[in-house]
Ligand SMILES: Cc1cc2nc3c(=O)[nH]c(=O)nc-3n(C[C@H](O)[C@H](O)[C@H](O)COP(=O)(O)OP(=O)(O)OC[C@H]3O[C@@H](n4cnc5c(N)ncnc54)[C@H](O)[C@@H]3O)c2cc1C
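Single chain ahead, written as structure tokens, the form predicted on its own.
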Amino acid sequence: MHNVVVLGSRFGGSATAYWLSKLFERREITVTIVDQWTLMTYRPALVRVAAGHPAQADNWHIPMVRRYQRAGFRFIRDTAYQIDPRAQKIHLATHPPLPYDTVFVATGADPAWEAIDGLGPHHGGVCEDYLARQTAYALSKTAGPIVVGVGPLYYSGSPVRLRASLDVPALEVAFLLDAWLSKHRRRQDIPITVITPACVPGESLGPKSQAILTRELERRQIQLIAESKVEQVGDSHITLYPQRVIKADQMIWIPPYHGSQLARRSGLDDGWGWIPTDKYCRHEKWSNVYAVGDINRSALPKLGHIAMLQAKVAVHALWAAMHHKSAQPFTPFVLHVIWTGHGRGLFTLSDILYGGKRDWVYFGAPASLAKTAFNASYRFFSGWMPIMP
């Protein structure tokens, strides 16, 4: 049988496992999933956790392993240290080397906190459950300015050009904080500022969404400092180039990102930590190595929907190759909803970033309800939705 290994068990890894279970007979392949956690932390919900609801963090730990076991897959709790594409083996931290015929790499990108002088997880964040919980608890003591910071994205050679690591969750948490503070009658005393290296809010979205976000930031008196270059971060201040100091009683950071150390150690990256792939998400040199989600350089920004699309394309490509069929290439587009608080949301369906012409948006209560419903469904079905993109 064909030996398949999936590295990672979040959006991309889970969707990869789903399609492997749907397309292949059990007698055709063996599947092993490797991840350091048995529970997936569902990151899209962490913005609500950070915005004043710390207890909700525990609600978003999803048990993925049971789904894999029901499908007849093997799960190894470990960390992949290096992939050897010549020997077709994966070196793990605590288990013996794991052989493969095909490997799907969905381990994500690595934060680069150290890229900004003085910056660290202790300043607050929203991308991991412990950071979101810590940030929410700190809000109860916050009496002064709140700064939501977005770090730069370090990469080269991607089809798209972005400056910010990912400003969408930063804007989302700023809006939710505004609503939470208003509800508790504290908003007028606490200014909120968003700093980003991007030129416009919602850099990864289309121009229509960017216009709505700009309008909402102004209407709700959330200051936006665009095209910012952070030189240094202290305990209660941020220094921007040239010589501008922003005071902060509380910070919330989306850190810089610089690709993957795993990809670098394995010699599979493009020199910046991102895996270069063809239109089927296959490595440009090693055809039995697929890259899904954040680690794939073909479609920044890194959103859960794009990871799920890449998983579908990659597994279908493997199935087509093994069954002498043709496969559909990866066609990226942005499908995303931002909670903006007060029961409203911003829905975006756009391929402008990738050279297309679609740019459809909707701003209102149904968008917020749709995101809430999707999140609840993803948790209920442990990532294996009845309808997958």
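Since the structure is predicted, the reported quantities are computational estimates derived from the model, not experimental observations. Note that residue numbering begins at 1 and tracks the sequence as displayed.
From this point on, the text means the form predicted in complex with the named molecule, which you will not see here.
- When the named molecule is considered in the predicted complex, Gly259 lies well away from it, no heavy atom lying within 4.5 Å.
- Mapping the unseen interface onto this chain, Ala226 falls outside it, with no heavy atom inside 4.5 Å of the named molecule in the predicted complex.
- Interface membership of Trp360, defined by any non-hydrogen atom within 4.5 Å of the named molecule in the predicted complex, is ruled out.
- Looking at Gly293, you'd find a heavy atom of it within 4.5 angstroms of the named molecule in the predicted complex.
- The three marked residues, Ala51, Gly149 and Ile195, fail to reach the named molecule in the predicted complex, with no heavy atom of any inside 4.5 Å.
- For the named molecule in the predicted complex, the listed stretch (112 to 120, 243 to 251, 304 to 312, 204 to 212) containing residues with heavy atoms inside 4.5 Å is 304 to 312.
- Between the named molecule and the residues Asp78, Asp270, Asp101, Glu231, the one pair within 4.5 Å by heavy atoms in the predicted complex involves Asp78.
- Residue Gln36 is the only one of Gln36, Asn59, Thr331, Gln69 with a heavy atom lying within 4.5 Å of the named molecule in the predicted complex.
- Contacts of stretch 9 to 25 with the named molecule in the predicted complex, defined by any heavy atom lying within 4.5 Å, are made by Ser9, Arg10, Phe11, Gly12, Gly13, listed in sequence order.
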